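Here you'll find one protein chain in two forms, each presented separately as structure tokens under the names structure 1 and structure 2.
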Structure 1
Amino acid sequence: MIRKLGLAAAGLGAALCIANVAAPAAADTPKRGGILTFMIPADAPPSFDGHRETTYATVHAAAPFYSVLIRVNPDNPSSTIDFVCDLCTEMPTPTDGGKTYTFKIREGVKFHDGSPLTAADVAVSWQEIVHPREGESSARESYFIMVDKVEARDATTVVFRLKFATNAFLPSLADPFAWIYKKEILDKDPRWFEKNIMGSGPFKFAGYEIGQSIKGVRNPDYYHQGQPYLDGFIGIFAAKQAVRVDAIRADRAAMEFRGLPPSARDELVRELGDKITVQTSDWNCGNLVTPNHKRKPFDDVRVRRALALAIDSWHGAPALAKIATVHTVAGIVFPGSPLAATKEELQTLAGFWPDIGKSREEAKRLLKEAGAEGLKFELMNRNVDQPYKYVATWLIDEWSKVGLEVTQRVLPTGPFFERCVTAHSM
């Protein structure tokens, strides 16, 4: 039964995001040795090719096997502007009016198969990400529309030439999925890395139990001297939060990297006392609700505005923050970034007004004016509890306060995005 009104979507900018990570923090002097068991909060990803996948299931599981060109400073992970070299030797200064970036690549870096990593490997990997060859796909092609070409000038120099200068280039370049693959393998079979793992990162691939867990062992030849500190790791896939919390509680696993809501954190701290360390930080994840504006009645701007006005982010966020991975009320830009709107600026926007009563009245008035009072529609959502389904439960209740009757339809992540892409033709 496909509803006529079908609709719509996840994602519009309403509120929030959050953060907080429950995890034993690293001590000041690193301790060496040991095998870390951590939980990966997802079902196993379809492939381990970072260029192709976008799910954190891929990056949590396979990132330890690979190197990247540059990365966000690991000692300052929530920064949006602090980038440091991984494979390069020095962060470059752009030349040619900001259109040319020249990276010097470390010498002596080896892939896990023993072969040397050169600028050619870096260049071809980036070329795949930026402009994939015919028939191949890259999940991030659109991030790099400013890039004209990537080339290896010699064995230790990679040059990015841009079509136009932009500050968005370096942050995009620090993408944690942008793994460096071996040129020889890529040329032979561009799909090889979907099913196989072979990188130059801190850990060597040691085994994958299909759908269950992934193992890595220390790479003794790692180019960051003295790292990694661990002898190895085991990542266990568990999409359900209850399982992950129980596992940490019963010492079946030591941590998880995606973060738990405060309620779970508090439970663990209460149960485990000083045996657990918790780190709290902001988390870059925006929740957006996107009406399909090609469909009636969402083609009417008044209806869309009313949807935003009905949501009380200022009161909802702090309450939801206790149970869901939701935190700060924000606009489109990551809160805390120099570009982000201040609270005062936000409060002048529809949907962020400080007086929710007035906001709801206005929403009702707009709906009435648009002839959409008591509108019924379906919210399409991802079949993921945190934070998506939690936020949806709250949103639906918020909307019910202006007389909207909303039902929820959840889809697994893949089909959800497929539907978003194809929704305009529905």
Structure 2
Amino acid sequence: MIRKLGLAAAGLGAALCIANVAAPAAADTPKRGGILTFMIPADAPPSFDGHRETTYATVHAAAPFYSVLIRVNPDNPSSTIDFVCDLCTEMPTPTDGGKTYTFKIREGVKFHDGSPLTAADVAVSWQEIVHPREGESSARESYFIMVDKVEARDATTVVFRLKFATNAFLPSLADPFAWIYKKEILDKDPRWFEKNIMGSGPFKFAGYEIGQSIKGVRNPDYYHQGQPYLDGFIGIFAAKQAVRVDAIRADRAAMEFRGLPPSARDELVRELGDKITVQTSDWNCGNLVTPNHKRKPFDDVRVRRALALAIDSWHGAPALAKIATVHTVAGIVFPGSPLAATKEELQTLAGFWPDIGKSREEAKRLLKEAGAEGLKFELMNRNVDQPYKYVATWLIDEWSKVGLEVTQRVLPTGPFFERCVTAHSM
């Protein structure tokens, strides 16, 4: 069993294509009112808990209901280093040699049930992310190995104490899944937020139909003055690309946040002309193929290395970009950002060698040495066409070139993520 998380191809950044039907120009003054209907390319989220999940099916569905401590500046979304406060009052200057960050929390913020949000709620939410209690999971626990503890000094002050100073702390803190939950609820049932929604964000939860849609209405008590501009939103779940394209074409939906491949994009542009706006960029996401290293033969580092060496990312990315929402060859760090690996640096890593012939010969040698020639295994994947199935099909072909026989097994979003957890524990 190979356990797959995230997108299907390691090292391929994704191309984001956002479709806006009858969208105003970016420089126009925002107008108040209206309901935004957008497509979510999944059958349903595995859960509503942002601390637990990693999928866009969760963040697209539930993020509008929640607040975060800090975020990427919405007026400068292309930046990877420009952070602004959401719940805090100002970005802090670290003390103690860069090991202590003290955040002042806005006063007067309310959860959607009318109760006040205080530093205690912020601190316990971050404690769950950084140091989840026994039996619970945090998808981002590993991001915060630098954090020793999180404390609420008083009702308006949260202090993060680090084990060591690092510039990686603030970017990690600005994760869009890092939602602030109500302490009272977490204390009673730490898993309550998996199936329920109650935050302090710009929209209040208004309904959820499993496998169909999720709805939100404007929060009149939102702490960012004058926002949100919309009266509400409807997110429509649709795993099939054809359904999403038809909805945009017929003006039943206004946006596809996650992306469409070039062919679908071009089709909509031809048919809708000046009624549609398209934005293309790299995605800030990770594309991972993760072998279950607790299962033979993937417990052998030689086998895992051979899997990477067999993949030709440099030729695969431009070819896949013609049919799928993948675009840029990159490492773990967002391409083009200050800490991103250069092409030269990437080419020293397995899976990025410039000579694919040499790379695959090494893969074959390692497989033979490990006794894994002709290995047969199953790639577990999500039942979403873009880009999962496309990239998985390409991966299977890449592995066949070093003698591996791989089949693909697709699962709906919820069962897929649940299987990732159980497969990893086997």
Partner chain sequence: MAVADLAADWIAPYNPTSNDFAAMTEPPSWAHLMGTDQFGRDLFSRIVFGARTALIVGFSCAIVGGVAGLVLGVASAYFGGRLDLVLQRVMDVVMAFPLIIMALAVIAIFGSGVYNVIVAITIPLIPRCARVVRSSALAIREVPYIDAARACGFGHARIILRHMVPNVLAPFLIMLTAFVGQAILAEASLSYLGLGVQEPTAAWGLMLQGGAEEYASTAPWIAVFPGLAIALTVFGFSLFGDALRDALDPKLCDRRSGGNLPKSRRHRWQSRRCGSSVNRRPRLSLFWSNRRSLVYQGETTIGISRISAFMTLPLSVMVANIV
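Heads up, when I say rigid core I mean the largest set of C-alphas that superpose within 1.5 Å between the two forms. Reference numbering: structure 1, starting with residue 1. This is a predicted model, so every value here is computed, not measured.
J.: Could you let me know which number goes with the form predicted alone?
T.: It is structure 2; that copy is the form predicted alone.
J.: Using the core for the fit, does the CA position of H293 change by 2 Å or more between the two structures?
T.: Superposed on the core, H293 moves its C-alpha 2 Å or more between the two structures.
J.: When the two forms are laid on each other by their rigid core, does D175 show a Cα shift of 2 Å or more between the two structures?
T.: No; D175 is a residue whose C-alpha shifts by less than 2 Å between the two structures when the cores are overlaid.
J.: Using a superposition on the rigid core, decide whether the Cα position of F334 changes by 2 angstroms or more between the two structures.
T.: Shift at F334: 2 Å or more after core fit.
J.: Rigid core superposed, S263 Cα shift between the two structures in Å?
T.: Its C-alpha moves by 3.0 Å once the cores are overlaid.
J.: For L404, what C-alpha shift in Å results between the two structures following superposition on the rigid core?
T.: A shift of 9.4 Å at the C-alpha.
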